[in-house]
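One chain is shown next in structure tokens, namely the form predicted on its own.
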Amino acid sequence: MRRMIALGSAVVLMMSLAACGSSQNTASGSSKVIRLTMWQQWGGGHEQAALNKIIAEYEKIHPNVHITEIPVTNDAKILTAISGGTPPDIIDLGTSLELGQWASKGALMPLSSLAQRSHLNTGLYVPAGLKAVTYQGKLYGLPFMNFDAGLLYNKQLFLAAGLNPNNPPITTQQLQADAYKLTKVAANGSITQMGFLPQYPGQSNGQVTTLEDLGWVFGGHWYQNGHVTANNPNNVKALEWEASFYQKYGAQNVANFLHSAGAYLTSNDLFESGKLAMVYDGPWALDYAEANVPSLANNIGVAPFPAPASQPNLLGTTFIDTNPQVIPTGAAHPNAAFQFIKWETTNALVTSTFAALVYNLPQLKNVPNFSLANDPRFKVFMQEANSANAHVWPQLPVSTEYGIKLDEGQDAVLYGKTSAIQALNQLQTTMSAALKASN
């Protein structure tokens, strides 16, 4: 699951990272206890409890290794520790967005040599997850808990609007038409219920920028043949489609509606409170709804994200990402750290158990069957992840900056500050120059 990470100052800090050498670790076969520190971005709650169970199991079979996990979700803090020579041994990232940029600045250890020496079978992993942790042909992390997104919708709201809850939209034109039927506007223009809100939950809630996926949905791409392609004509069409919702109801009215609800993944958020009928989100939203609003949970439908009517082959297009398990440059015990993340990410039982607990997708091709995998709604996410329409954000020296500026450009267009073509032309110019400067 993509989680909230502090990106703003991280880009600046990366530029000043010094190349730090790795210190030698105590051999894993030694009787001396090796103490590893793991900074993780799962945070607290049942996700942290599940992680601690995994760690306890590893320590049971490796009594000379002790692992302390600490929730650290601020990228600036992580980079400061690395550049200052005091990094943890392992970092569990919430997204691969920063991996390419950090790797290019020397903040992460390349793992290809460690993988070869330990005979890691990379063929065990789902290819997209492995691609997300690869930069310039080298492994800089191991994938753990993949995730993607689809269309979640409230069946009760569909019924109330006279729509068939068993026939969710399959084209972007149908999605828009249904969304308008599902939207309620007061006499003063204020929105009390909305069918679909392209911006939500979005990067401000730790999730993917919707435009990233919509570019692919409309047949575009963001990087191709060594070049940034931000202003691809289909990317422009995708952003114009997003902006049409804001133009219809008024950008300020949409902004007021967006801020009328509580925090994301709580009973008061837009979707769980019943104010938003359809949302572009991942399988974890089902888990939180079951915990927060049981009466809603069974009335949530999941469908492949619609595609333009002219491109039906793009139905179910999605991003796919993973939670990279990385070893920062300067880690005290890289060998022992690698042995743990290798075990964690290749153990099929650990994978299926953790996937069921956190409603994420297995990073392994083959795992024992688990009950969640039999839920037709969860199967939608699984099928999308294994389709040709699953895309990975490019790992570049400027990946983080590119992702942040894409989100900023999207918002500028949605709120009427510029046009789609102007925003994406500017993004094209900015990121092409940044990529050239990084080489």
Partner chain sequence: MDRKGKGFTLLFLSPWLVGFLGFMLLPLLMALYWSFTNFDVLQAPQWVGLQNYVAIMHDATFWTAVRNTLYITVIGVPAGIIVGLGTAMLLEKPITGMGFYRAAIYLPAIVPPVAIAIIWLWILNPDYGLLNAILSVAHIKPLGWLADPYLAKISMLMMVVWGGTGQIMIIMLAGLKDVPMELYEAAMIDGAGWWKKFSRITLPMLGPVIFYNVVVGVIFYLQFFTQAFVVTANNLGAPVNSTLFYALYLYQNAFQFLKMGYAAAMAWILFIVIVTITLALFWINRKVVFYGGGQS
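The structure presented is a predicted model; accordingly, all values stated were derived computationally and were not measured. Positions refer to the first chain, counted from 1.
The discussion below concerns the form predicted in complex with its partner chain, not included here.
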Spot the stretch among 347 to 355, 318 to 326, 300 to 308, 101 to 109 with residues whose non-hydrogen atoms come within 4.5 Å of its partner chain in the predicted bound form.
101 to 109
Would you confirm whether the three residues 188, 259 and 417 all fall within 4.5 Å of its partner chain in the predicted bound form, going by non-hydrogen atoms?
yes
Residue 275 versus its partner chain, in the predicted bound form: is there a non-hydrogen atom within 4.5 Å?
yes
Does at least one non-hydrogen atom of residue 400 fall within 4.5 angstroms of its partner chain in the predicted bound form?
yes
Contact test in the predicted bound form: residue 204 vs its partner chain, heavy atoms, 4.5 Å:
yes
For residue 152, is any heavy atom within 4.5 Å of its partner chain in the predicted bound form, or not?
no
Quick check on this chain: which one of 134, 172, 83, 183 has a heavy atom within 4.5 Å of its partner chain in the predicted bound form?
83
In the predicted bound form, which of the listed residues (79, 214, 364, 285) lies with a heavy atom within 4.5 Å of its partner chain?
79
Going through 392 to 420 from first to last, which residues have a non-hydrogen atom within 4.5 Å of its partner chain in the predicted bound form?
400, 401, 404, 405, 407, 408, 411, 412, 415, 417
Where do residue 166 and residue 208 end up in the predicted bound form, Cα atoms closer or farther than shown, with a change of 3 Å or more?
farther
Between the shown chain and the other structure, the Cα gap of residue 206 to residue 146 differs by 3 Å or more. Is it closer or farther in the predicted bound form?
closer
